[in-house]
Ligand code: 5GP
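Read the single chain below, which is given as structure tokens and is the form predicted on its own.
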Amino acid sequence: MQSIEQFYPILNQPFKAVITAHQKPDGDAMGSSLALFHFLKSLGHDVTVISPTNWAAFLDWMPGTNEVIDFEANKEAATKIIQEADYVFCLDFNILHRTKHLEPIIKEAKAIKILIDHHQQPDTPSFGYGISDVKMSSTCEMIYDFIVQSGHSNLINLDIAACLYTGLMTDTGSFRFPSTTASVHKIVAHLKELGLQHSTIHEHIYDNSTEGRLKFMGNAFLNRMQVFPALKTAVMAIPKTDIYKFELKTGDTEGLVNYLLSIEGIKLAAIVIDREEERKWSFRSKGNFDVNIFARTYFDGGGHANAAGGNSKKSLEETLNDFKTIIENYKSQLTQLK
């Protein structure tokens, strides 16, 4: 994989590009994709954003979301666009299976793949150009650097600023995670100087819950949460019946695991959700308990040291029992965390 800097001169030549992210894109995945979309369009390139799946409705306000193609809903059209592309920008993921059913289409495409991501253990041989930096707070921070370092900071307009701020805000937990460096605040300051109205974005993301989602959360805390004080661990298991009962939509469970980590004394938080095809895990931790390694070792996942995901083909009850058994092996490490 060649460095991303070697791609900068190519920005001056017209090309067809596809931008994609991981399935069920979150604020950082969608924000970085749309920020790059607007940037490349301003340079005169032919650009399409293709999401592997649908996304949360609370992201629909973002400039350009109406032009994003949902691959699962438009497979034939999306496949044709990818096959005709010169480049495929892969954002906020570093291994192609994170794009779900889009994976074989990207693999077989003649387009050169470009990686911009901040997760651990990238599959670098799959990409022609790229940058992987786990020290970055978000992929949106990396897209900001991509624009500025390629010499085009003057092209950052309010649409790009709004998209970038969304990813910066959501992936840093509203700027409270350790990944929030001085550089992140400097970026936000620049975006504010351009006229960004940050409070409106907070409202779009965090003040859009349905009545059903709030009732679901109440039920989850009351009936689905288990706390193990001796292990400094909390876990929540969400059955499919809850998803149907409260009519949950994509994105309605996002951020729920962070509430578990807010419990006094808890250093490891986990939530598992019973999906149609598999059971999806989310892990969060404090201190030096590495949930990236934990997820990769036991749940076919990965991510960051303090935030990761995974999955299991076992039943909800079986994978939950596996988790409870596994954490007993980490009792010494967990109890020593301060």
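All of these numbers come straight from a predicted model, not from anything done at the bench. Residue indices: 1-based, along the sequence shown.
Not on display, but discussed next: the form predicted together with the named molecule.
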Q) Does the 4.5 Å heavy atom contact test between G309 and the named molecule in the model of the complex come out positive? A) yes
Q. For G302, is any heavy atom within 4.5 Å of the named molecule in the model of the complex, or not?
A. yes
(Q) Against the named molecule in the model of the complex, would S51 count as a contact residue? Criterion: heavy atoms within 4.5 Å. (A) no
Q. Is H38 close enough to touch the named molecule in the model of the complex, meaning at least one heavy atom pair within 4.5 Å?
A. no
Q | Of R98, K267, R213, R224, the one that lies within 4.5 Å of the named molecule in the model of the complex (heavy atoms) | A | R98
Q: Taking 4.5 Å between heavy atoms as the contact cutoff, choose which of N94, T233, T166, S138 touches the named molecule in the model of the complex.
A: N94
Q.
Using a 4.5 Å heavy atom cut-off, which of 66-74, 40-48, 281-289, 53-61 contacts the named molecule in the model of the complex?
A. 281-289
Q | Contact set, 105-119 vs the named molecule in the model of the complex - heavy atom within 4.5 angstroms | A | H119
